[in-house]
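Read the single chain below, which is given as structure tokens and is the form predicted on its own.
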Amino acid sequence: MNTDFINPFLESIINVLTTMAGTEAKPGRPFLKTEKSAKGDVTGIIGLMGEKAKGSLAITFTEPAILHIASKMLGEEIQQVDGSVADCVGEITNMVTGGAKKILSEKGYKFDMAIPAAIIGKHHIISHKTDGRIICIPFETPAGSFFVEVCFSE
């Protein structure tokens, strides 16, 4: 996978969480993900299609991390994963992808975005939209961890 596709998503997630949730997120060491099961409890996933490449982004949050982030974004204490949390994850996924899409367009990559979907549940399966390798980047926040998965094929 072209590494040009990874950094825009990382830059965008940090920007979205800082701006929208006042939450600092520190990236860990990327790794190649080989299994389909999620490393968190709530996932937002979105597909991207372009002339030069196609792929998908998945952002998987552990329950403590997303409850903290959703509470900050919504301005009220959220204590359980529910429909409003799923909507929040979908919106985060959409904003991150939009920000990355802008950065990628400046590098000559044009993409159309699908509508994000949210998946809730422990040990759920993430199905990426291509057969490309899945690069997973763990992040830590003050409330817990989340994982960004980028999967593209050219």
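Because the structure is predicted, anything quoted here is derived from the model rather than measured. Throughout, we count residues from 1 along the sequence that is shown. What we label the rigid core is the largest C-alpha set whose atoms superpose within 1.5 Å from one form to the other.
What follows is about the form predicted together with a further copy of the same chain, which we do not show.
Residue heavy atoms within 4.5 Å of a further copy of the same chain in the predicted bound form occur in exactly one stretch of 102-110, 120-128, 23-31, 65-73, and that stretch is 120-128.
Within this chain, Asn7 is remote from the site of a further copy of the same chain in the predicted bound form, having no heavy atom within 4.5 Å. By the criterion of a heavy atom within 4.5 Å, Ile45 is counted among the residues contacting a further copy of the same chain in the predicted bound form. Among residues of the shown chain, Met95 is not one whose heavy atoms approach a further copy of the same chain to within 4.5 Å in the predicted bound form. Residues of 80-116 lying near a further copy of the same chain in the predicted bound form, listed in sequence order, are Gly83, Ala86, Asp87, Gly90, Asp112, Met113, Ala114, Ile115, Pro116, the criterion being any heavy atom within 4.5 Å. After superposition on the rigid core, the Cα atom of His128 is displaced by 2 Å or more between the shown form and the other one.
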